[in-house]
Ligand code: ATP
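Take a look at this single chain, the form predicted on its own, given in structure tokens.
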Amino acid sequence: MNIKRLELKNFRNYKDETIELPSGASVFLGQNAQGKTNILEAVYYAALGRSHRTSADMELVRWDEGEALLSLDFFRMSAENKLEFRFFRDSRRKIFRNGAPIRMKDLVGTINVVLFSPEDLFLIKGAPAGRRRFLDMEISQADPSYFYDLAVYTRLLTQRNTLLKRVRDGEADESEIPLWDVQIVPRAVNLIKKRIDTVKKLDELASGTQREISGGREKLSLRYELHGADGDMTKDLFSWYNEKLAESLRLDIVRGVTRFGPHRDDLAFFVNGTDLRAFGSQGQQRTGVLSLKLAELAFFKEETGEYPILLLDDVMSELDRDRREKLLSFIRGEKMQALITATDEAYFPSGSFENFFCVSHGTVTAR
């Protein structure tokens, strides 16, 4: 997978910029607030139909303009394709693939990306929602059917919660709730099964990476945690979810929320048997995140046959020299396309990469 050309018009701080991207790694150098991250944001958006920085598309449009364009020419399995996004301040965006309009459900999986930003270094010790989002975005790209199930589950969950509140307030009858449970349980089970399978694969891949980075001193393991299951993952999920929804119905009505489901589950990290979320040192947590990101790349390679596009947003300054060298060595060795932003060229050993770009005030210049 390789992006050949990126075109930005009135996107963030870019007036009209076309960037020809070579295969392999490209380093974008510049001071803060010059537009480096905007380039990575554009590629991320093309893959997932959403920004990792904002939920409002209008924020992507240059402040003094009414519309914006994001366009990518890319190769997947040696076939050339084109994605185009048009943003408008007064109407919904439009998405085109090879000139034909498509919907969001047809976009995810067209391009695969892995983003590694400073915020990801808090993935392990942060809130469970961040870890669930990590799993959802990864699986959706590798398996678009998961993205569809997730969208349907989210909609059903919202509708069930609305009904719970109406029942609590005397505006609806409790007998309506099972009608939603019949729909929501199969979707929940589909999501959980796919998450468990993915975590097993990531566990194997990340464990080897952690051993290498730590010089054999640390064994990393990942475990999917089913909320309310007390560690027992051998149960019949379909029956278990139905039982949990029935058992918690009274309290669900009182609180107006559904207390069991994939929206409450978590991903646990252990090093040598110790839970990294609660007891890991900062160094162990950062090594764990790095191992997870490298495992994510390998996971995509196994699932799709190609490495995804790797987006590294100013993480060089956040990693110590040893972890930084491990990461750069992996990129060089695997010859994947990577877009890397940094403020200091000193992070990159002489001769390690050939493709450097200078970014200044929304202008990109190949060096």
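Numbers follow the displayed sequence, beginning with 1. Values in this document were obtained by computation on a predicted structure and should not be read as measured data.
Note that the form predicted together with adenosine-5'-triphosphate (ATP) isn't included here; everything after this is about it.
Q: Counting any heavy atom within 4.5 Å as contact, can you tell me which stretch out of 301-309, 37-45, 316-324, 330-338 lines adenosine-5'-triphosphate (ATP) in the predicted complex?
A: Flagged stretch: 37-45.
Q: With the cut-off set at 4.5 Å between non-hydrogen atoms, does Q31 touch adenosine-5'-triphosphate (ATP) in the predicted complex?
A: Yes.
Q: Wondering, does L69 line up within 4.5 Å of adenosine-5'-triphosphate (ATP) in the predicted complex on heavy atoms?
A: It does not: once adenosine-5'-triphosphate (ATP) is placed as it appears in the predicted complex, L69 has no heavy atom within 4.5 Å of it.
Q: Examine N355 and determine whether its closest non-hydrogen atom to adenosine-5'-triphosphate (ATP) in the predicted complex is within 4.5 angstroms.
A: Flag for N355 set to no.
Q: Does adenosine-5'-triphosphate (ATP) come within 4.5 Å of any heavy atom of L60 in the predicted complex?
A: Answer yes; at least one heavy atom of L60 falls within 4.5 Å of adenosine-5'-triphosphate (ATP) in the predicted complex.
Q: If you look in the predicted complex, which residues in 338-367 sit within 4.5 Å of adenosine-5'-triphosphate (ATP) (heavy atoms)?
A: Only a single residue, T343, comes within 4.5 Å of the partner.
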